[in-house]
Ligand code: ARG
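Let's start with one chain on its own, the form predicted on its own, as structure tokens.
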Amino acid sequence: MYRSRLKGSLDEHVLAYLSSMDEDTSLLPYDIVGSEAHSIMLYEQGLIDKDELARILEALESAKSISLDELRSMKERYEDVHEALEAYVIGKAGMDAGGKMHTARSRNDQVTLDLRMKVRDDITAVEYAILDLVDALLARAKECIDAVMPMYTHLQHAQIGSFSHYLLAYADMLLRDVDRLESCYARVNLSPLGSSAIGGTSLPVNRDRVASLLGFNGIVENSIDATSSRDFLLEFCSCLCITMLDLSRMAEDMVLWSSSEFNYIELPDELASTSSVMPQKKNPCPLELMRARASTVLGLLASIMGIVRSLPSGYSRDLQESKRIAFDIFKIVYESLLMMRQIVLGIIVKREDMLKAAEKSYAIALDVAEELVKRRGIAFRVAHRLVGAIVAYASSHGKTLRDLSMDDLKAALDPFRMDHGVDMVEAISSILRDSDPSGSLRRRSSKGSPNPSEQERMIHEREVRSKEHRAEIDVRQERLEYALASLQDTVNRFLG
């Protein structure tokens, strides 16, 4: 349809290579609505008459119910959904009316419009999915405030913590992901339409009117920027990649912790796979695939950035590939969020095994050193050396810190007795008798620690934040839906 200069039809193999119809299917609803807003603006600006507008709108409304068979046939004839829709409208409304729909518009600003409309919907869908996962994490954290466990650095026991504290850490990361997406939405929700191919139009269009009809907050003003920039898409994909990395790290923890060696958690049967030959196996396959798909998202992000990196100013057909990549990233991340929520709500927490690991651990060593500082007033570095010597002795003798007798402590601290005397041994012995994992948590006083009272405070505050985020998104979505409903009312009036 666009081959005004070129002779004949496009070679069928070239058409198949150029076509973006497969990924464009999801853009069709946006292309229809965008075309309706554009056509209404053309009428209001005196560029088409009322009868022509009605015929165009009638054809566009009919396009909303295009069948799958019609879509399949379009894939064989057109390069993209924009060409297909225009041909459909001309076929329904006639060339004298339908041929005017594309007045003062280019595929360049049209495709960017459709992308921005889809991405803003995708952002909303992801934000709701993240908040659903956050709510699941907070619900399980409430249940697990007293689920004591070792915490890890370098995959070695570090300090005593709680499963609640772990879950809250990821709730916080995910809430920051919502913050990023919220900020991204503001830059996405701007209309590029009316920029034409790259340099605007001599026809008297009203870009702000189209933006208002479609629920945008404003326009992308510079026509080069509006048609050829994809930074909004890169930002969207980057935000999703960060979320996917959060999910991947959670998945890695849960794969490890569901193993026989840890046995901290267990997946319910309906979320696990088994082996074709080993009858005892219970494999955390959804979590493993989540890790792998995080790598896929990373690769896709590198691909879309690579496409943009090498482009000159202005539109190039390379940008067509960015659509496919962005849609794939969204699909993977959205489905992974739904899966992780199901896993978080379903996992069985093995509290006794976690507690046993904490009781056998030397992760209480820092608590002992800090208590020594408080009780004896010695320098922390001295306390660090003393407790380090005790841990070394206990480890070499296969004992926990609380198993050490006075004789054991004297032997461990023998190199230090000239400096500190017997009373230091007695002080450490007293501290060790009082040092159990649960008591360790209760003594933590710093804000944000796994102290049970801190856990309760943080859970409550994050519940409030989640509700606030959800309310803000609801208001934003209501405004958008109101704008699009008003657009539909306007369409109906012209067709009435």
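Computed from a predicted model, the values in this text were never measured in an experiment. Sequential numbering from 1, following the sequence displayed.
Below, we turn to the form predicted in complex with arginine, even though it does not appear here.
_Partner absent here, but in the predicted complex, which of 107 to 115, 298 to 306, 395 to 403, 180 to 188 has residues with a heavy atom within 4.5 Å of arginine?_
Comparing against arginine in the predicted complex, the contact stretch is 107 to 115.
*Contact residue in the predicted complex, from Glu127, Asp80, Glu86, Glu371 (heavy atom within 4.5 Å of arginine)*: Filtering the options by heavy-atom distance leaves Asp80.
_Only one of Lys350, Arg140, Lys323, His102 gets a heavy atom within 4.5 Å of arginine in the predicted complex. Which one?_
Contact check passes for Lys323.
*Taking heavy atoms and a 4.5 Å cut-off, does Lys331 contact arginine in the predicted complex?*
Outside the cut-off, so no.
_Any non-hydrogen atom of Tyr315 within 4.5 angstroms of arginine in the predicted complex_ = Yes - in the predicted complex, heavy atoms of Tyr315 and arginine come within 4.5 Å of each other.
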